[in-house]
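Shown next as structure tokens: one chain only, the form predicted on its own.
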Amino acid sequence: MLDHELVNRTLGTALRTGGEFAEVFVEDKRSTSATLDDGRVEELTSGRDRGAGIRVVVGDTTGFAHTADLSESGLATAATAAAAAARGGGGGVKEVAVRPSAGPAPRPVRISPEDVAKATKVELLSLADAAARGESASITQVSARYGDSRRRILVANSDGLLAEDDQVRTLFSVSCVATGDTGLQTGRESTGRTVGFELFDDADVEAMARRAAGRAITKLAARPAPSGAMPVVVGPGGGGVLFHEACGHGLEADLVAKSASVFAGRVGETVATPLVTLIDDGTMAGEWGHFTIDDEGRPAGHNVLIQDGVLTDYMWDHLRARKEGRPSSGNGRRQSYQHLPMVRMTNTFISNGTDEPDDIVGSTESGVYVAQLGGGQVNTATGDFVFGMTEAYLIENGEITEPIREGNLIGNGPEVLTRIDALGNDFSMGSPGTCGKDGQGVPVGDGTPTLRVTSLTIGGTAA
């Protein structure tokens, strides 16, 4: 992506005023997006964004500058600006010799989306639209989206590291609106993986559209959700976002350092039932949060955060790890070259248990079964959360019965960890997501097996 000698000279410029650490991050990202709404292609776009971000660290001060000019003079200007921000004045020359790392090679893709005609991508949208509308005349609106991206990065720093990655992601989603006597109800289905256009060898967009339509149609006959505290069974993959938002963020080392986490200072303590093992894993090939190296050049890691209920570690980026005299966990990520890296999750999940899913439901006298959670609000400092239930059912006498609608799931993430009393053997990843933090979004995955929480508050509208 960039001549290695030019990288060396840029690092030297960044360090010549006394910087203790310098880093060059180069990114070249191409993307394509197409959307269809009410049978018409509303948007078909493609773009390319290319540039470099340079940071210089002096003591506790970080200077950062970015540029879209990848010429030697453009990079030198950005390096000088970053160094000045970290420490003004000074002079002299500091040489840096970087070398390619011996880390894992970028994951290859079988069908590059760049080689697929736009008409073929648009055809997927039309297929989904027709399949959803074919389910029922009550389907009155269909929206579908296709997206792909190729992100090439190069990371070099004054520790001598030089690493590169080539990340290809492909995404498809479809949303349906059903109209009936109870008003408008929605259903959604999506898939996204860190793979090329071969995603559609396994992902049948027509089947996805029919499932999305089916969810919307089912909710037309749903009864209002009940209210109050009760047992909640979360289906496979359906509750991963809860643990990502309400627990995962509290295990990020930057929030821990700010004492903005209920998990601060608790390594070695029991924080969950012995059933719970919580992992963040950027090495899960093909998953939405997968990469070969993070945005600081460290290989992706398989990091066990909670083992059998005991808090074992946090997630770390380079600077926080360097300050603590320990290695990074490969969780330094950034939205683009225009942003500083920070501690971010990758694929975060609760690992498999041993219970049969049918036995978990069968041993629940009454409660709620949540198949899918939607958007919500979380206080990452306390873990308090409110999530909308986009697909949920009553559990009556040990059986899943009627669908319910217009309900929220209300609770506290750390408390939920201590109330899980059954964990299934049917682990599944959930839908692909974008995690937002301090104004930056990065792709993440999450997952769970079927699990039961002994008591959670359902915020419904039933009398």
Partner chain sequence: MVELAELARKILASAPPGDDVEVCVGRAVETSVRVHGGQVESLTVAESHAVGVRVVTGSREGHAHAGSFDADVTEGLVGEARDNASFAEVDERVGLAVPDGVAAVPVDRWDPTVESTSVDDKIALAVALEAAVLAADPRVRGVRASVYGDTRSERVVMSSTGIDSHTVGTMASLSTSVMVDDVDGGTRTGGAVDAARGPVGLDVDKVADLAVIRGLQLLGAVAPSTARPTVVFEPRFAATVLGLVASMLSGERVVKGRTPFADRVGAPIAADLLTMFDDPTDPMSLAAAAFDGEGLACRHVPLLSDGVLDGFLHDTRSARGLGVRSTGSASRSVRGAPSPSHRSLHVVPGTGDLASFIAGIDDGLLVASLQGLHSGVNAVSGDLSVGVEGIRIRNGELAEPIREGTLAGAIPAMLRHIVGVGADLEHQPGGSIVPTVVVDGLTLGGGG
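Since the model is a prediction, treat every value here as computed from it, not as a measurement. Positions refer to the first chain, counted from 1.
One more form of this protein exists, namely the form predicted together with the partner chain; it is left out here, but the text below deals with it.
- Taking the partner from elsewhere, no residue among R151, E269 and G367 has a non-hydrogen atom within 4.5 angstroms of the partner chain in the predicted bound form.
- Only one of 162 to 170, 359 to 367, 181 to 189, 275 to 283 places residue heavy atoms within 4.5 angstroms of the partner chain in the predicted bound form, namely 181 to 189.
- Checked against the partner chain in the predicted bound form, the residues F291, Y146, Y337, Y314 give one hit for a heavy atom within 4.5 Å, which is Y337.
- Residue A85 is the only one of A221, A207, A130, A85 with a heavy atom lying within 4.5 Å of the partner chain in the predicted bound form.
- When the partner chain is considered in the predicted bound form, N408 lines it closely, a heavy atom lying within 4.5 Å.
- In the predicted bound form, the partner chain sits within 4.5 Å of a heavy atom of T45.
- In the predicted bound form, none of the heavy atoms of G398 sits within 4.5 Å of a heavy atom of the partner chain.
- For the chain shown alone, G424 is not a contact residue for the partner chain in the predicted bound form, no non-hydrogen atom being within 4.5 angstroms.
- Interface residues of 1 to 39, taken as those with a heavy atom within 4.5 Å of the partner chain in the predicted bound form (partner not displayed): D37, D38, G39, in sequence order.
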